[in-house]
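Just the one chain here, laid out as structure tokens, in the form predicted alone.
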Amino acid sequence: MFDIFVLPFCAGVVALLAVSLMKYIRWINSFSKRQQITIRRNILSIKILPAIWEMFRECLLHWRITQRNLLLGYMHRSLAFGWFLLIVVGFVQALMACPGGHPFYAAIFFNYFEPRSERIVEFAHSQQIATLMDVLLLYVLSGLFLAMLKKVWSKPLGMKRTTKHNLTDRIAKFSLWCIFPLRLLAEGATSSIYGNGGFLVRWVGTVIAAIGLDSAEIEYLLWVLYSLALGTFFTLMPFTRYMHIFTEVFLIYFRKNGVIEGNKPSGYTKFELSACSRCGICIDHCPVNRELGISNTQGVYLLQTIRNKDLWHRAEQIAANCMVCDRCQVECPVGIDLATIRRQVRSEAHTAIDKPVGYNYLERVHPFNAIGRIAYFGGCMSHLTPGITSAMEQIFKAAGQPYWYMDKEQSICCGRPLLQQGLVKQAEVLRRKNRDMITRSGATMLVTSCPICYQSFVKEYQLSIKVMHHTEYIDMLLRSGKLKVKAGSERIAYHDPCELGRGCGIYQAPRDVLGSVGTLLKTKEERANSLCCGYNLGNISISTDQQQLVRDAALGNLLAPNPDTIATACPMCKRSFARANAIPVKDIAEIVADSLVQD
């Protein structure tokens, strides 16, 4: 059971396995020490079960994409799950037909060898399996049709823009698109001569015979082309975006076992880079694209450019032009840590901006004896919006809560703005000082008003005490009865800050607080879909006018339900919206302070 035309396919499979294996071994060996310890600790844990489920759900069924757009999800699922089922059922078909064993390629070229090999025996369900194979092939071809449609008209699939690919990706895509039509034509050509195959293959064979192309030469040519398409695709796969087909499986396994990105690139970063399918979903949802029309700096292009090391300077430029709003990360169906990878590139592009003596002033800042008290950290931006910190002091006093306003007199930044720009070492100096002050103070809890600071304290400080954003803290006080407010008739539209919502998953507490003092209105873009205010510290490339365009889109969303007041939970967002002079803009703490019931 052999013919020379199977060699391109066999060579492609060998090349794919050899190159992929070498890459994966090299990447795993270059994991950071912490990542390797995490894998060893969890390699045989119960976490393998949810990992297997997510592999099936996302790698084959593409469930996250389906939730965003049914047609787009169907396209991805039919190509992935359909091809997978073709392989599985084809293997079963070959196994039943060749109980004595068969070459691994027999399942791929089964219809060619079936009428020609004495080793293939008839079996009871041959026609039923042939019919099932045709149904699966039709399923895959329907997805292929949608993929081609998306290339020329992506709107029906819920996408305004599709990704621009390099030459190697285009060749791989062309070969992929040729595989299934060529398979159908090759099987149809064999059917026109021997009458085998299922309903679809037989129909194609009838058409081929009707137009006089039922010759052995044309049949053989089509099988050669089918094998060449397979071989080309498999050979190029490790060097193209299609490497995600296998890499995403590993990424899900590592992530479920607790492996996370670090401040420096590692082997795990390589898995994240190669797990990107370059679907382009992140492009449409990026505010830099939506409001500014800049469509070449999104996560998909950052990852693509990093992989092309000769374009590293362009990667630095792409990394700089980002709002760091996490919208792309929420939309990414693979769940790639785009924010950290972007920060890694920024870190590579920056050198230290401060000399060691630049932090001498930190030695003059000392902790307060806060045993039994709450530590309150307003944050740099809260100092520029003093109404917020003043409101929090009123709330602490109304609740009878002793507190230490740790950055009231001599402020120290939390360090996250530096970290966002890739200045990792400088950020750690500030974190170390703040961490030491909090630990030595004896405070029982840390409350902060700035979502940027909150995310830093929660994710980067590893404090031994509970950390709460002031919206969570106020909600806790209201629920416990320690704080009483009077309900009013004010109509409020709430803006979810990027760092608090998408960054930390805090959506409900702010809404519960606002619902207790007024009427909370629903907006079109909210929660994980909230729009960036435009004035964050992440983008150093766009102008003030461009920031205002991003701001105006978010403001329009908030003004749509005709509120009396815009509420937010971030001092930077408050300043951004207040500058538009549209309607009153308040922080949640200010709204609560104005509604306090005095005993």
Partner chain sequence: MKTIAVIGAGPAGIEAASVMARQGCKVDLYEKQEEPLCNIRDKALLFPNFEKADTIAEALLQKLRHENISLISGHEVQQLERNKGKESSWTVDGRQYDAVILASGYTPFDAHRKEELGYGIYAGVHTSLDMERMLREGRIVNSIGDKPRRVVFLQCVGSRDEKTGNHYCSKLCCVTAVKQAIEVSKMLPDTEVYIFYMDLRMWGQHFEELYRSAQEVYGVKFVRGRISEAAGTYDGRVQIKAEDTLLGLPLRITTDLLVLMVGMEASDGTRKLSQMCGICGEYGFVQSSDPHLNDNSTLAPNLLAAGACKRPMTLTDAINDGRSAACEILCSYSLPLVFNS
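Quick caveat: nothing in here was measured; it's all calculated off a predicted structure. Numbering follows the first chain given and starts at 1.
Keep in mind the form predicted in complex with the partner chain is missing from the figure; the text below concerns it.
Participant: Considering Arg314, Lys150, His383, Lys164, which brings a non-hydrogen atom within 4.5 Å of the partner chain in the predicted complex?
Facilitator: The residue from Arg314, Lys150, His383, Lys164 that makes the contact is His383.
Participant: Sort through Asn69, Gln548, Ser30, Thr38 and report the residue having a heavy atom within 4.5 Å of the partner chain in the predicted complex.
Facilitator: Contact with the partner chain in the predicted complex is made by Gln548 alone.
Participant: To test your reading of this chain, name the stretch in 81-89, 404-412, 500-508, 196-204 whose heavy atoms come within 4.5 Å of the partner chain in the predicted complex.
Facilitator: Single hit among the candidates: 404-412.
Participant: Does every residue of Arg327, Asp496 and Thr519 put a non-hydrogen atom within 4.5 angstroms of the partner chain in the predicted complex?
Facilitator: No, none of Arg327, Asp496 and Thr519 comes within 4.5 Å of the partner chain in the predicted complex.
Participant: Contact with the partner chain in the predicted complex for Ser347, defined as at least one heavy atom pair within 4.5 Å: yes or no?
Facilitator: Answer no; every heavy atom of Ser347 is more than 4.5 Å from the partner chain in the predicted complex.
Participant: Taking heavy atoms and a 4.5 Å cut-off, does Ser390 contact the partner chain in the predicted complex?
Facilitator: The answer is yes: Ser390 has a heavy atom within 4.5 Å of the partner chain.
Participant: Given that the partner chain is not shown alongside this chain, does Lys23 nevertheless sit within 4.5 Å of it in the predicted complex, heavy atom to heavy atom?
Facilitator: Heavy-atom contact with the partner chain at 4.5 Å: absent for Lys23.
Participant: Ala578 near the partner chain in the predicted complex, any heavy atom under 4.5 Å?
Facilitator: Heavy-atom contact with the partner chain at 4.5 Å: present for Ala578.
Participant: Counting only heavy atoms, which residues in 499-525 are within 4.5 Å of the partner chain in the predicted complex?
Facilitator: Sequence-ordered list is empty.
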